[in-house]
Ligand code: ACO
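This document starts with one chain, in the form predicted alone, laid out as structure tokens.
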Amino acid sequence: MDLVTQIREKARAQHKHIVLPEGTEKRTVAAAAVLTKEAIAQVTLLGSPEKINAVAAAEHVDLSGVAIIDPEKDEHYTAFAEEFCQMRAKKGMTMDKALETMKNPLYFGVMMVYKDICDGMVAGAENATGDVLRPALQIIKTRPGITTVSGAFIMVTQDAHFGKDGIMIFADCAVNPTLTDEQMAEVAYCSAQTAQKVVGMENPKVAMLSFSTKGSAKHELVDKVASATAIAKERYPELLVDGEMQLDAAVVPSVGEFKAPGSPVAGHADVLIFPDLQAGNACYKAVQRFGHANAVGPVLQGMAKPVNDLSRGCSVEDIVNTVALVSCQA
């Protein structure tokens, strides 16, 4: 069974309730039908029922079993606005502004997740990442003890010798241009959680990557990764993490044994944490293109409740898979 099928099966077993706020977007409408027909998740679309049903008719999509909510006409509209006004009062929020804000399906959808009406939200087929994340960060915020939202990719490689039968986690490859040592430690912890909850890795081995292995080079960038490793070990004693190390030392047993003898991670890492976005983004794309790997994600990590962004170039299949991922996170 391939990874995507595994994730869908896991989501089907949990059958979480996911809100899709871009209810009039045709790929989203089609994905809602697939998710419902295949019982992967319970789905709610946000928007005008008339407009959503018109899109469904034009696309020959059957929305039987899919809930449709118009935020302005929903019973929770005023209560959501009142609570949002209280949350943002110190930022100058007024009730009039809050009522107007709750007309935005992205904000209304996040409030549904915040109030446990839904288990997670997926958006981004027609909205920019910043527009998807802003309400999530204002309302749901990050998990206790976590200050940084990050983006991981699940890399499905063609070489079963790497990671868990060829599956690895790369982070942060999508959100933060730079990371402090404390943020890098948080990303390591959240990525290990993704490996466990989404992929099913029992004891993920996390490598903190650098151009140095165990002091082989001296530079302030190396010092940051070494410090991040020390912080991760102290804060998350249950986490199997080591660094700083070069990528070959992290994933090739013979190199790991030579460069970092005695390391519980070197040569066998299945979670790779990059020191900045340039390194992470370039590496995942290189593995994807040159190594013909499948890159699943990004999976947004660190939120108190799961919200995930889509590429605006996503397919119906991408939306279905992302909803399944969010269901596993929930």
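Note that residue numbering begins at 1 and tracks the sequence as displayed. Everything numeric in this text was worked out from a predicted model, so none of it was measured.
FYI, the form predicted together with this ligand isn't displayed, but the following is about it.
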Within 4.5 Å of this ligand in the predicted bound form, all of 133, 175 and 277 (non-hydrogen atom): yes
Contact segment among 233-241, 96-104, 122-130, 246-254, judged by heavy atoms lying within 4.5 Å of this ligand in the predicted bound form: 122-130
In the predicted bound form, the residue from 88, 76, 164, 197 that sits within 4.5 Å of this ligand by heavy atoms: 88
Candidate from 281, 294, 53, 36 lying within 4.5 Å of this ligand in the predicted bound form - any heavy atom: 281
Non-hydrogen atom contact residue 203 with this ligand in the predicted bound form at 4.5 angstroms: no
Proximity of residue 118 to this ligand in the predicted bound form, heavy atoms at 4.5 Å: no
Contact label in the predicted bound form: residue 214 to this ligand, heavy atom within 4.5 Å: no
is_contact(residue 142, this ligand) in the predicted bound form, heavy atom dist at most 4.5 Å: yes
Within 149-167, the residues that have a heavy atom no more than 4.5 Å from this ligand in the predicted bound form: 149, 153
